[in-house]
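One chain is shown next in structure tokens, namely the form predicted alone.
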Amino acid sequence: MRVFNIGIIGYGGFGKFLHNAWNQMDHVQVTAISDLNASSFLHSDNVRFFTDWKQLIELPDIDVIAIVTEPSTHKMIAKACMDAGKHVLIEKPLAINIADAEEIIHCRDETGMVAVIDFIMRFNPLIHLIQTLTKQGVFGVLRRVDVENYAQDEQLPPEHWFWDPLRSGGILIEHAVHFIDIVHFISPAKLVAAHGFKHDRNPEQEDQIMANVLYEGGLFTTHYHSFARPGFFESTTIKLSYDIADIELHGWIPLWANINVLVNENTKSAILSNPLFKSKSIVPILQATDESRPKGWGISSTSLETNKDEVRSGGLIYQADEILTGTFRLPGSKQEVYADCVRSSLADVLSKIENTSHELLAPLESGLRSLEVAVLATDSARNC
């Protein structure tokens, strides 16, 4: 693979994180950065700095540009980059409204440039493992997802662009799209409806919001996001309820997950053979306690007769004879996993550039789907 020259537009905290992570990659070098505060950065002989991003995209040697600016600017910058013959990696959200997102996709199609959204969760090995096991049917049908995200606002003063819906779109659009996309990635289904509720701290700060979403097949999801608590209480949990499994992921960048699943010999082997899994217990179903009926509850004469290795859920019959509990856990710290994810995201872009038949893991269409849900729920919340 040849060496690719990378430009970064927007050099805040995440832009710097990308730079540091990508510096550790072979065949990659960050050679140009644009930021309004570029004059205040420590300059390097190997990196050119610009205060005007339009100067950066005119550089003939830049191959890929990462767009890490305010969401409202994504359409303008992404289209200009692709029109200038540059491949792009766009930080979420794809845009703050559907029309802008569709314009970006149309520009990609017209120019033939490689363009992706930086949905790094798709490159998290834990998320990828759960998606794989879901597709294999190990957990049965996914019926319910509950996301609870408590974030600090100590670094977001009232005048920050984050609070301005004309610049960020609001919490669901700017932030929750990551988690909405996790649902779409793990268990794709057609959207039926999305509704929302919100709370305003004051007329300028919309600090709590919730989206309730229904998909075809009966998947219900809830996304609650709060930017209103001290950093000491910052936490994220993602609960996945399947027909025959409960999974709870922990962390904004999920590093571990508790799992409780009904298994047979084949599905048990698929889980136990994974190096990320640590078993806690394996209990035969006939020895397990069923809390759905109090002690002494009689069996109805209309109860269905089932085999001892069959479990009914959601109108389906699953073969299972044991209950397996345990933990999936990634090695490494949050920062290490996060850095690996952004490196994998860029590597995916480079693979597509070198091989047009390569299938991107986070195409722009995934950004549009997530945005559609966020926009519907945001509009509902603001109009109720």
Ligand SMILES: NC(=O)c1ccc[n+]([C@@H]2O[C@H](COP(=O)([O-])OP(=O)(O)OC[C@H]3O[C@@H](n4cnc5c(N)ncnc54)[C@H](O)[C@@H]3O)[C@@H](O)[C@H]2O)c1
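Numbering starts at 1 and follows the sequence shown. Everything numeric in this text was worked out from a predicted model, so none of it was measured.
Same protein, other form: the form predicted together with this ligand, not shown, and the subject of what follows.
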Among the candidate stretches 28-36, 57-65, 353-361, 318-326, which one is within 4.5 Å of this ligand in the model of the complex when only heavy atoms are counted?
28-36
Does any heavy atom of H178 come within 4.5 Å of a heavy atom of this ligand in the model of the complex?
yes
Y11: heavy atom within 4.5 Å of this ligand in the model of the complex?
yes
Even though the partner isn't displayed, in the model of the complex is I244 close enough to this ligand, meaning a heavy atom within 4.5 Å?
no
Any non-hydrogen atom of G170 within 4.5 angstroms of this ligand in the model of the complex
no
Can you pick out, from R122, H225, K92, H87, the residue that has a heavy atom within 4.5 Å of this ligand in the model of the complex?
K92
I need to confirm a contact call. Of F277, W252, Y150, Y215, which residue comes within 4.5 Å of this ligand in the model of the complex, counting heavy atoms only?
W252
Stretch 144-181: residues contacting this ligand in the model of the complex, 4.5 Å heavy atom cut-off:
H160, W161, E174, H178
